[in-house]
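Listed next as structure tokens: two forms of one protein chain, kept apart as structure 1 and structure 2.
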Structure 1
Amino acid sequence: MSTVETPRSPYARTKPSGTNWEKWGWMYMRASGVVLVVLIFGHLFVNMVAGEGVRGIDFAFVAGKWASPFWQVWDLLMLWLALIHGANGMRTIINDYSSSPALGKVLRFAVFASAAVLIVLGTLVIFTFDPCPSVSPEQFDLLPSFCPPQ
């Protein structure tokens, strides 16, 4: 008994079109994680180990740090990378566990909207922070001691 074999069509892999966002999200998580480890441990060293330690952290300490563009950029990078890293991680969790596509879309929008708001507010705080604002003479005693008289 002979069987007739039908020829199989050869499998042809199609080239994916568009950007592979999952791949770029995966790569971002790894790269930002490494950079965040350096930024966070540097932040902890400067704030907790160097100088007076925890006792030395007060309004004047933060004002002195943010007077330097280096520390502004350091804290800005830490803020942006951490918030985007966290939002991307939440996006992954939502993709894995959301029960319906509509719910997933709403949750992803909420995560990205909250991350965007926090990034904008944090950036504004870092770059518009003024430890010595203009005040009336009767309120001058409320300012930190390092502010010059007005």
Structure 2
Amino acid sequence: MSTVETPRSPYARTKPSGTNWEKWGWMYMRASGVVLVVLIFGHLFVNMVAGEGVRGIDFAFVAGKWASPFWQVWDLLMLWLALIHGANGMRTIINDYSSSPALGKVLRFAVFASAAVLIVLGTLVIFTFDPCPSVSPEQFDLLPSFCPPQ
């Protein structure tokens, strides 16, 4: 015969130790979200509404923007904040719906690996971009108008 614990014994709450990553993830979604609203609304206005809208976007348009550090920083911030925000959101959804812990692990790895690869790729693209690359003569008119003749 086993003894039953006193029914009304108080529930001993153990104080979790270490960094509460789930809390900081929660905070990150809100903090980055506010900044992303400003960055992405600005991005959409400049690229999709002002001027000709989507029809005005070509190499010369992008080169014109990234010739200025302002838009380089703007797009760099968008890249990092949005990918981490998106990857963390996907993690939440995977945690909610994945049917087995192993599948969840695989999916979370896939999400964070693709986010990491694209953060590195995007950062390299922004910082190694040359608005006036040397091109064949028939491609010269694709360059922005401020490029010197080749």
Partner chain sequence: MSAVTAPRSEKKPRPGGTLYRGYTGMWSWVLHRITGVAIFFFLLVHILDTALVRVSPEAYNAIMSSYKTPLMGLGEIALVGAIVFHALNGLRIILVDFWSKGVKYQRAMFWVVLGLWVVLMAGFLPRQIINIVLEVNGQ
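The model shown is predicted, which means the values in this text are computed figures rather than measured ones. Here, rigid core means the biggest group of C-alpha atoms that superpose within 1.5 Å across both forms. Structure 1 provides the reference sequence; residues are numbered from 1 along it.
It is structure 2 that shows the chain in the form predicted together with its partner chain. In the core-superposed comparison between structures 1 and 2, I94 has its Cα shifted by less than 2 Å. When two forms of a protein are overlaid on their rigid core, residues whose CA moves 2 Å or more are considered shifted, and A82 is not one of them between structures 1 and 2. In the core-superposed comparison between structures 1 and 2, T14 has its Cα shifted by at least 2 Å. On the core-superposed pair, the CA position of V54 changes by 4.5 Å between structures 1 and 2.
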